[in-house]
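We begin with a single chain expressed as structure tokens, specifically the form predicted on its own.
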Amino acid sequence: MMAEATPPVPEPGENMGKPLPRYEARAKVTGEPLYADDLQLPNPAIALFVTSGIARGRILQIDTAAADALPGVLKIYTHLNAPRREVTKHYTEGGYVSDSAVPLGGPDIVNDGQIVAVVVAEDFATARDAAHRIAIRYEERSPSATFGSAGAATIQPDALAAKSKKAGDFAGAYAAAPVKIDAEYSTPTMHHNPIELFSTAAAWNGERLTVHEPSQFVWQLKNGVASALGIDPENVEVRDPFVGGAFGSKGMMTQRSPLIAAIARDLRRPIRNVVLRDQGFTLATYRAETRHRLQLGATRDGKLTALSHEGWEVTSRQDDYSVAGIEATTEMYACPNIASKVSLVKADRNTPGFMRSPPETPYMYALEAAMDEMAAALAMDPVEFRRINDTKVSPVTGAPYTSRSLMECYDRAAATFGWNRRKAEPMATREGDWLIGYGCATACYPTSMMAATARAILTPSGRVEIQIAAHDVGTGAYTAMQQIAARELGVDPRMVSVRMGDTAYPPGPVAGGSMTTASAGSAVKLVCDKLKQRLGGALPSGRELEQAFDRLGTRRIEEYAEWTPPGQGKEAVQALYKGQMGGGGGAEGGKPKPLMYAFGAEFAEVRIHRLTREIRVPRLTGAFAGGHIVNPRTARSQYLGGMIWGLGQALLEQTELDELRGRYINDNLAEYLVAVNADVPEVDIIMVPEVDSQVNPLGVKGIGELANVGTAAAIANAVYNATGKRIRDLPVTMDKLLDVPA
């Protein structure tokens, strides 16, 4: 018998906080204005982007006469009259932008959907009408669109070479291995498509600039806009109280922001721009397509003896962005002989960027699919194969994991899922016309942290206000900060208000890398500790608190704190104020850093119709260990969403590319398929209690990006169990199963 489904509001287990409702729940369901584009500006004009109809070439002529003649059109900007901006580098090169190609910087076209004009009008309808009246004549050149395209160049920058992990003698061990596999896998281009569209609004008041924009790092945007416009960052404020979905696409400043701010300065009027849904495919980052070659060698009793992971990623001509997930895959299992390498394929595309669990999602898919193939070659249960190769130390450096509850996750998830009912032989389980398969895979995510600062204000009434320019991208960060402060101060959470997403507050970390709770939460804990120290080590209540204020001769107590991860110092906080990531901690005493990871085990049941090849996923089960869980309710929501997104990666999501023209085809929500709750009727989430006192003062690991890492491999492995066919190239679609015997 399978265990009963886990409840929507989970009971907290050991080392877990209370499942409090979301801080902003009422505001969201009642439609209160929360987002950047909701914030008011006085009498804004509307800016609309016109984007290129080719992927590579040059503008020969651009005629705006018909558009200029429309009543209500204020000005049309092209490369011939573009407002001045300073050139800024890609953020990986010490700059601020996510794509270094400058819109309206000249007549050259370097990728599809590049901004070639900006229409500014009194209203959107007029701007759209004018945009359609602009006539552009191009000199078109053949683009290099992707892997294998003529002119696409394969390179391995020094930064990528430095990430390669090696141990022992892979070539010799692989040649001698009694059992081996050599397989290739691929993942396609995928786009974020957050519900909240990308937007920028800018208004000047003398030399001061206010920007309203959905951002995962407002202090980076503040400094980036200032750098591009050549002004003092002190004169820029960015406001964005809530983000309506991002997943990496709003992580770093794009070239759109300083362009809109420069137009507002030129016209001396507030400007509002919303990027249209199809434009978001080329004016924001995306997950690059990847290819992988996995070579595994093992003894007949299942011990890995050799592992090689080689990856290739598509990127733009102008930037060397990469994710290089070999840092996770080479550390995952015990193996004495390891080799790895990642190369970039330079193509005529816009620069890719972060997309939820950027390195782990494509690279762990390839590893976990290969692990399933090896288990089949060994005639071994896939869970037991992973158990045999579980490790408590890095196989590359020997550094220990601070905690690793992977097999506990497998045991809990397998029991709930009913893994013991799985038949190892493919196509052995049927129900009517449906072929049934079970699959599993490992999920992992590193515990990333950044420096963070926070301010706390206490009044005689006992009310506390926490200020930190961190971000809530739909994950429940407001709720987590409220709970952390309430616990540290010993007060009712309803007495704590939280202010975030505004550069008027001290800087917090980027809302990426699942680091907000660990980083911002540590700063909040520290500033609350400082508040208590001002009051003798504990927060009095009622009349005693009022008397304490009387003794201090004030009606307001304010404290500020800076927190840095282990191995980082004051320079990390200084980098934060400059809108930069800062450096990670290095080895201490010549010893390699301990490995800090959250882990999970994911199981999937698939059903494939023997005649139509329809693919259904009736249930998913995931067990996850992420250290201290501040709020089980919001944590469950993150795990649930991650697994459903992983289902989309496995079966639905793919940005179709016209390889001849280098242009995206399905740049809309009608044809770009996104998984929703109805696509998987049952999802069981199990939170495995775990204590890790080494990662940070809260014992928190990142969980937001963990759950979608293993889902695609679990589903693809289940498809093999159902049909006997390996689908190594995502997504798994009906046409790839047509040759399965009925």
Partner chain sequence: MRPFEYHAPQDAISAVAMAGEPAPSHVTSLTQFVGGGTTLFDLMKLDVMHPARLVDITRLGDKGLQQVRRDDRGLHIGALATMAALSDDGAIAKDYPVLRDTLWQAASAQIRNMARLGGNVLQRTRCPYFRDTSYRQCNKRDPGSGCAALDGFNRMHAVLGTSTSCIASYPGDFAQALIALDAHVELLGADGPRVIRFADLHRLPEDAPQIETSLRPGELITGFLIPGGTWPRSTYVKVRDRASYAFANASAAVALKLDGGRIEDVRIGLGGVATVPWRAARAEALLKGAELTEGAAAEAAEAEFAGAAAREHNRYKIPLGKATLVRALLQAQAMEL
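Note that this is a predicted model, so its numbers are computed, not measured. Numbering follows the first chain given and starts at 1.
Another form exists, predicted together with the partner chain; not displayed. Remarks below refer to it.
- The shortest heavy atom separation between S461 and the partner chain in the predicted bound form exceeds 4.5 Å.
- Remark: R607 does not count among the residues lining the partner chain in the predicted bound form, judged by a heavy atom distance of 4.5 Å or less.
- Residue contact with the partner chain in the predicted bound form: M427 places no heavy atom within 4.5 Å of it.
- Within this chain, A678 lines the site of the partner chain in the predicted bound form, having a heavy atom no more than 4.5 Å away.
- Using a 4.5 Å heavy atom cutoff, W434, E614 and R661 all lie near the partner chain in the predicted bound form.
- H132 is the sole member of R555, K392, H132, R551 with a non-hydrogen atom lying within 4.5 angstroms of the partner chain in the predicted bound form.
- Only one of A150, A161, A670, A379 lies close to the partner chain in the predicted bound form, with a heavy atom inside 4.5 Å, and it is A670.
- Comment: 678-686 is the region of 695-703, 57-65, 678-686, 708-716 lying near the partner chain in the predicted bound form, near meaning a non-hydrogen atom within 4.5 Å.
- Of all the residues from 711-742, those having a non-hydrogen atom no more than 4.5 Å from the partner chain in the predicted bound form are T733, M734, D735, L738, D739, V740, P741, A742.
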